[in-house]
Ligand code: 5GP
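What follows is a single chain, given as structure tokens, in the form predicted alone.
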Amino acid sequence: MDLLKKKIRDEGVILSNSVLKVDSFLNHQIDPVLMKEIGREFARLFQNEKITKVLTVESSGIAPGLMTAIQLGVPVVFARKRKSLTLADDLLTASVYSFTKQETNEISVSRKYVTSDDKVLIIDDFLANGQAALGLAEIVQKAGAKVAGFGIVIEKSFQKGSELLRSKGFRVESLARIDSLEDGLVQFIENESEVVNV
């Protein structure tokens, strides 16, 4: 997705060989025009899957998840990372380890919002090691629902998440695939056999 790659090139900040900061447009301040296009692209990619729900995790997945849900005409549900007095009973939960924050969180969704009748598209802002994605898939499976696939805004292909999800038979569609952040440069994968320096 060219608009997203341009944003990453122009505004992304490389903090290390494994950390890309995109808080000016994706996960702190949000570019609504970009989010609208991201939602359209995910909806296009999964248009034949008969999606009934979009599932994401708070908070960075909410904007792309919501825009995708609008395009698909379905509800969006987000897994909470924090305990809530209003979300306490009959929960679907999974433990997720965050490599960025170096901590494990229990994510949860009310059982009444993901049911065995659902076909769920999971949306997330980043795919690195795949732990959040697997946690969301676990919640869907505990509900008896079906995972239609994963829509990932930015995939760090040099980490194992994508390979892990695909090895479990999941469909993964990533809008920007990063091959490397080494030497302060973002290198995108345009297709399976090509790396493009930017």
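Quick caveat, the model's predicted, so the values are computed rather than measured. Start at 1 and count along the sequence shown; that's the residue number.
One more form of this protein, predicted together with guanosine-5'-monophosphate, exists but is not displayed; see below.
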Query - Region of this chain that lies against guanosine-5'-monophosphate in the model of the complex, out of 127-135, 45-53, 166-174, 30-38 [heavy atom, 4.5 Å] - result: 127-135
Requested in this report: Answer yes if any heavy atom of residue 18 is within 4.5 Å of a heavy atom of guanosine-5'-monophosphate in the model of the complex; otherwise answer no.
Outcome: yes
Query raised in the report: Given that the partner is absent here, does residue 100 sit within 4.5 Å of guanosine-5'-monophosphate in the model of the complex, heavy atoms only?
Result: yes
